[in-house]
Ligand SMILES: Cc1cc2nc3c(=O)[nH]c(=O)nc-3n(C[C@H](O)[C@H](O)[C@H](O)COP(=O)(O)O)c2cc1C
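As a starting point, one isolated chain is supplied in structure tokens, in the form predicted alone.
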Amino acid sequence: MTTDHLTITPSILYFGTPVALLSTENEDGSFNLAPMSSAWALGQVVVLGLGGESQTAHNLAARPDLVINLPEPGQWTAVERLAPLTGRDPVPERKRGAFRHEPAKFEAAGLRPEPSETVRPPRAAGCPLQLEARAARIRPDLTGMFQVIEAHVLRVHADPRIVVPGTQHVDPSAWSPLIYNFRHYFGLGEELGHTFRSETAPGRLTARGA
């Protein structure tokens, strides 16, 4: 195997990140649902990167409640149905020609909204993980094109099939996020191993009494 690398200039750097569907509240009290793939967690805070002209960023600046819905790989078609849609009307200039306005996002995706417990926007039924959250800090990125949002997670809803029985742990052998890899959709492959900090490794739950 060669150790030489090519110097390249890719147009995007989505090098394999989870897809999330963000539900937020519009000005008129209706709800928006938007796909995104720039999210990562710091403890109970999820950091989100959004286009500054997006309806989601517009909503969160005025109404900070949201739900971070995490679909499974089999739901990629629902995500892709949302991909060319925007809740902004008129369509922002940078999106014209490639996107169209659609106010009924849940219906367009073929997903059913279900009530949240701590925030106003609904959860997306069928997504195995749903994080009710509130945007605590919003700031522009270095380019001014995006908004960086720090959202504090208030409540986590998990499909029982992906939870280790009798615990608060998501079972990593049962949960597979939908991955956005250079604008292609993937699921996870076979497990390769686990970190020394894993709380769900074989024998670890028994040793700690779950």
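Note that the structure is predicted; figures quoted are calculated from it, not measured. Position 1 is the first residue in the sequence shown; the rest follow in order.
Unshown form predicted together with the named molecule; subsequent notes refer to it.
The partner is not drawn, yet in the predicted complex one stretch among 166-174, 31-39, 61-69, 152-160 has residues with heavy atoms inside 4.5 Å of the named molecule: 31-39. The closest heavy atom approach of Phe99 to the named molecule in the predicted complex falls within 4.5 Å. In the predicted complex, none of the heavy atoms of Ala108 sits within 4.5 Å of a heavy atom of the named molecule. Of the heavy atoms in Gly87, some are within 4.5 Å of the named molecule in the predicted complex. The shortest heavy atom separation between Lys95 and the named molecule in the predicted complex is within 4.5 Å.
In the predicted complex, no residue of the candidate spot (Val46, Ser116 and Val119) has a heavy atom lying within 4.5 Å of the named molecule. Although the named molecule is not shown here, in the predicted complex the stretch 172-189 places heavy atoms of Tyr180, Tyr185 within 4.5 Å of it, in sequence order.
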